[in-house]
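We begin with a single chain expressed as structure tokens, specifically the form predicted on its own.
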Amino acid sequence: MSTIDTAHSMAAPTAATWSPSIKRLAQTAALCGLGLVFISLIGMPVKLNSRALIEPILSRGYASLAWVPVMFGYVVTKQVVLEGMVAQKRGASDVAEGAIVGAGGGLLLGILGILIDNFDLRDPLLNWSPQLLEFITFGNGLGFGVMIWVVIGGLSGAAGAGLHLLPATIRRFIMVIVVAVVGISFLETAATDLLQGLRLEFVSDGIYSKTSGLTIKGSVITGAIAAVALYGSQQLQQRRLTRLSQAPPAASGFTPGAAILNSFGDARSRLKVGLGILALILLPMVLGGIMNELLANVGLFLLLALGLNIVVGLAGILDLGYVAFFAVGGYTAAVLTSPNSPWLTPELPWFVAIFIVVVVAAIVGLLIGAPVIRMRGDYLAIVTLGFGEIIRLLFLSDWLSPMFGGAQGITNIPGVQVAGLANVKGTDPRAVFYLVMAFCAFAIYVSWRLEGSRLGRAWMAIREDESVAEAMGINTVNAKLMAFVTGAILASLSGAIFAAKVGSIFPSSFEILVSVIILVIVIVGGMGRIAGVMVGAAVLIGVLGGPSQPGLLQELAEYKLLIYGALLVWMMLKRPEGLLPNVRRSRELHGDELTQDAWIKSQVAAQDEIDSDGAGSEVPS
């Protein structure tokens, strides 16, 4: 007979065996070096090196490379602590591992300089140039360049690994300060435009240098403001949690206190919405032409994304040819309002033509939706993609050229006459923004009412499981056609505004890339949630810009598609539900994880119960 300590053998946590091997360090260093080489060969460092991030300390070109070893140093020393395991204590070995990874990456970048100096590969690699070699070597020779990049990479990797040695609060403050300084530096044009509109030029003169970038004093002020803002938000959150913890437990049924709290919450929500609307009304009055043009573009893509959110986010129909409805709206408005239309020239007022645009878009939505609506999944995506290209090629073709102008398009499209008082057109971006905002408000209201309606619930049932929805009595064909038509109408409204804003319409404005970017907005923001689509449009179109529209980061315009792709891949891996997800959608995506977590917790609870009942008992061998 032997005695076994059941509690100790079953439930005692063991220390995590966390010691990266040489192979893992070498692999991570190679990935770090490949990242540095890739960024260098796409031309980003040379292009950005002419502007400073912090004058005169750091240029944007070198900053575009410096973050890579920091990130890999942070990643290689990150611990994954599983259930029942204990995190290993941090120490100098973490910093050493980060330094090794960063130095290895810097060495590969230095080797790239040696290759550029000895081989001519500029035919396949356009940025394989003497300018890149001078950038890598700092203009001081290959030996110095290799040595300095090993040192810079090692220090950066050690800094990334050293973040794990800091408390979580300090680490959060550092990250917020760095993001704030980099963001304010890159947003120099937008910030200067806003401060000039507010008659606060002295602020921009104080924080920005005369050439480009933040001054040292400006970076310190920016970091201090960011730190204070983060501290204030943490204090507010702590007070809110304290109030919730001190509140009496909720009883079943109606209680006056709960009613007061609910009404207070509703009042706060209404106040936030009201302040947001007031800001959208007043802010364009103090902004310059650059920022108002940016806001107008964001509004146009938001209107498109709200329509696609109904099709994809609510009904679950993957439509990759959504740009077709955008083109139909633009061309219909152009034919009905322009005196240069090659077919009909009724020259109707825009607000009269818009009703015809809606009818035409609804008919086109039915014609496109009817033959493909019974398809599902990849087949539906491919067919809608084909229809989107067919519509564009029809407008471009010689066959329809007598009606729509072919490659020459339709020009001299008048602006929008608003009550005979104002002519809204592209030369007045502020007026265009107000017009777009009015239609976005209409689209948001329609989407909100549809989401809570019987039709909206039918759409969501089809998205979750079309076969089950059909078995429950939902007419899936009619419901999906209604989603197609509703999305087509909202897209046509955006197309009609776009035609009046630009003053001309061409087939090249409706490339398939527009559909892809609108879909990315919906996915990144959060499918099925209106607020998520708004955030997605603001982040992607406002910051990066559209296919041909500039964003706040105008210097990264050449790389916006690369950033779009990287952001989309990261979202699919880390946050597939989006930035502001729909609750129902989050449950769909994370249902398996929640079920697994619940099973693990039940197993742990059962084991704890067994341990408490039989700890120390004798078990026969």
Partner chain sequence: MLVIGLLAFVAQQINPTNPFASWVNPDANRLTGPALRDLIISGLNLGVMYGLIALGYSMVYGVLGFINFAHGEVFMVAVMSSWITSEKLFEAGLWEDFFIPSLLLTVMIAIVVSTTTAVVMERIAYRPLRGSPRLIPLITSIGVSFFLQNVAIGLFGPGAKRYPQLPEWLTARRTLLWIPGVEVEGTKILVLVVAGVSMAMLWYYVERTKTGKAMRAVAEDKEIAALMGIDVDKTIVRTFAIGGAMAGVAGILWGLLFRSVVATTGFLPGIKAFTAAVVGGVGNLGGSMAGGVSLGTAESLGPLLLLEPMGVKGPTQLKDAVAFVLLIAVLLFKPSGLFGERLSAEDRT
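Residue numbers count along the first chain shown, from 1. Predicted model, so just to flag it, every value in this text is computed and none were measured.
What follows is about the form predicted together with its partner chain, which we do not show.
Scanning 207, 523, 190, 431 against its partner chain in the model of the complex with a 4.5 Å heavy atom cut-off leaves one residue, 523. When you look in the model of the complex, the only residue of 539, 159, 394, 182 with a non-hydrogen atom within 4.5 Å of its partner chain is 394. Proximity of 62, 72 and 75 to its partner chain in the model of the complex is absent: no residue of the three has a non-hydrogen atom within 4.5 angstroms. At the 4.5 Å threshold, heavy atoms of residue 439 stay clear of its partner chain in the model of the complex, well away from it. In the model of the complex, its partner chain stays beyond 4.5 Å of every heavy atom belonging to residue 135. Among residues of the shown chain, residue 565 is one whose heavy atoms approach its partner chain to within 4.5 Å in the model of the complex. Interface membership of residue 376, defined by any non-hydrogen atom within 4.5 Å of its partner chain in the model of the complex, is confirmed. Stretch-level contact analysis of 347 to 355, 116 to 124, 528 to 536, 331 to 339 against its partner chain in the model of the complex, using heavy atoms and a 4.5 Å limit, identifies 116 to 124. Contact annotation for 397 to 411: residues with any non-hydrogen atom within 4.5 angstroms of its partner chain in the model of the complex are 397, 398, 399, 402, listed in sequence order.
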